[in-house]
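Heads up, the chain below is alone and in the form predicted on its own; it's given as structure tokens.
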């Protein structure tokens, strides 16, 4: 059984704690958080500490912390020749302090407090300095997920960049659409079947083949109509840039 201490109880850490607690192959021995936390009933039996000096002994110390404090925090951990990993998509493994074994355990998903993630479907991206540690992380990942892949920090950086496009940027497009509909007193729910269909398409075809719309068709009249509607909008430039990108990609530049 793999013993683990989870450091940080934010969106990522709290959901990982729940997943590890439900995994037969893992013993969640302790949770560290700098401030007071309220544990759900399922985690009431787990020890909690607010002191680095009070960390329990474990096979893996998992840092579910904001990117900008990972390096500094890892340098404060006592040297114990054990495996310390972080959960970030955008931070290099080498940012961790050399006093311990270093690794990465990155669940590729967007986490929110109010939504329970289906971990079995979430890819876990792992990295480690030592082969034995990589094997340990493989086993740890497989305890909660059906897909565990070993990738380098450089590869993970590109993966994280791509994730920003498909998640954060797409969600911002949702916000823009919602704002424009609110201004016209229309319900954003009208777009949700379209959103679902667009997402479902790329399950069975490439994003390139799934592309539709006036920019792809070279539909000048529709593009001009949209730009007229956006003439006083802060979103006009975004529309123009995305239209231009689609046209250049598919050879439909007007």
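Computed from a prediction, not measured in an experiment: that's the story for all the values here. Positions refer to the first chain, counted from 1.
Below: the form predicted together with another copy of the chain, not depicted.
Using a 4.5 Å cut-off to another copy of the chain in the predicted bound form, each of 172, 176 and 189 places a heavy atom inside that distance. The contact residue chosen from 138, 82, 97, 109 relative to another copy of the chain in the predicted bound form is 109, the criterion being a non-hydrogen atom within 4.5 angstroms. For residue 91, a non-hydrogen atom is located within 4.5 Å of another copy of the chain in the predicted bound form, even though that partner is not displayed.
In the predicted bound form, none of the heavy atoms of residue 129 sits within 4.5 Å of a heavy atom of another copy of the chain. Contact annotation for residue 213: at least one heavy atom lies within 4.5 Å of another copy of the chain in the predicted bound form. Looking at residue 33, you'd find every heavy atom of it more than 4.5 angstroms from another copy of the chain in the predicted bound form. Figure note: of the listed segments 57-65, 204-212, 25-33, 41-49, the one touching another copy of the chain in the predicted bound form, with heavy atoms no more than 4.5 Å away, is 204-212. Taking another copy of the chain as positioned in the predicted bound form, the residues of 213-251 that bring a heavy atom within 4.5 Å of it are, in sequence order, 213, 214, 217, 219, 222, 225, 226, 229, 230, 235, 237, 238, 239, 241, 242, 243, 245, 246, 249, 250.
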